[in-house]
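Just the one chain here, laid out as structure tokens, in the form predicted on its own.
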Amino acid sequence: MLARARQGLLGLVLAFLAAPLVGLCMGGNWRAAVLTPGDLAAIATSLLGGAVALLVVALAGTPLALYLARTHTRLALAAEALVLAPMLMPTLALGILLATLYGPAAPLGRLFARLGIVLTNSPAAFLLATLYAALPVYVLAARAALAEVPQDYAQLARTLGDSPARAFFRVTLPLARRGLAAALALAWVRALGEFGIVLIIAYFPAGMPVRLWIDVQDLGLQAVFPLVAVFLAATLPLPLWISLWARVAR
């Protein structure tokens, strides 16, 4: 009896989690709904901006993640708190704070504007928003992956003549590859899915989340399912595949 009750509870939980996918298949008027030119532009904005953000996140976030994984000082704790802060803030509040810092009336915003970089309602602003959304997620996940690699391996490589950078690329990076891949997948989802920050500082050019919100307001739920399908196709497969790959490879 207890086993049946447990199985029934698990089935209810799984059905609850699967309900959105059922809604995708059953909802919307697929015959009448098409991708508009604005939808296609939003897809291009999200994919291109997300790809550039992911590259910046990997290059800038990996050294910071390694520092947090290998260093246990008060300065490292302060650095981790700074990494956590943007991730813990409500995204709309974070977007407002960024607008006060990078907006056209702010000193930092005017400084970038003199350099030809406008950080509100521009591709650069979209990249800025996705970086604030994705970088903390990647750093924390990558730190956990790098912390699982014993330092003895890298130290042994250094005793054999490798430089710290060479030891990282030859020893630490291969051993942490699954965790780092998962961290990149999470960062990709955050970069593409961010709405609150983008809504405040990068309403134009609209990415997929903002475009979905605009289409729902203008056209209703029935008209947005093609863009929803593209959005999910861009965000779901990579983290799902990496999660299952890491589980099977253990």
Partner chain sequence: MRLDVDYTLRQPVPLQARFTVHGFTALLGRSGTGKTTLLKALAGLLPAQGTPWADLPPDARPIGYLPQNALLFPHLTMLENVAYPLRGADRLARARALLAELGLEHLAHRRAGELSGGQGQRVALARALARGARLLLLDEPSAALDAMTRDAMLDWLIATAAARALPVLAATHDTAVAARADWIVLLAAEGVIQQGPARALFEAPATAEAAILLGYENIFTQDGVSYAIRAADIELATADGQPATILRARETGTGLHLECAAPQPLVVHRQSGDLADFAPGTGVFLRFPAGRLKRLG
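What you are looking at is a predicted structure, and each value in this text was computed from that prediction instead of being measured. Residue numbers count along the first chain shown, from 1.
There is another form of this protein, the form predicted together with its partner chain, and it is not shown here; the text below is about that form.
Taking the partner from elsewhere, Ala144 is found to have every heavy atom lying beyond 4.5 Å of its partner chain in the model of the complex. Mapping the unseen interface onto this chain, Leu160 counts among the residues with a heavy atom inside 4.5 Å of its partner chain in the model of the complex. Interface residue remark: Leu156 is counted as part of the site for its partner chain in the model of the complex, having a heavy atom within 4.5 Å.
Put simply, Leu98 is far from its partner chain in the model of the complex: not one heavy atom of it is within 4.5 Å.
Stretch-level contact analysis of 105-113, 134-142, 68-76, 169-177 against its partner chain in the model of the complex, using heavy atoms and a 4.5 Å limit, identifies 169-177. No residues of 51-74 lie near its partner chain in the model of the complex, the criterion being any heavy atom within 4.5 Å.
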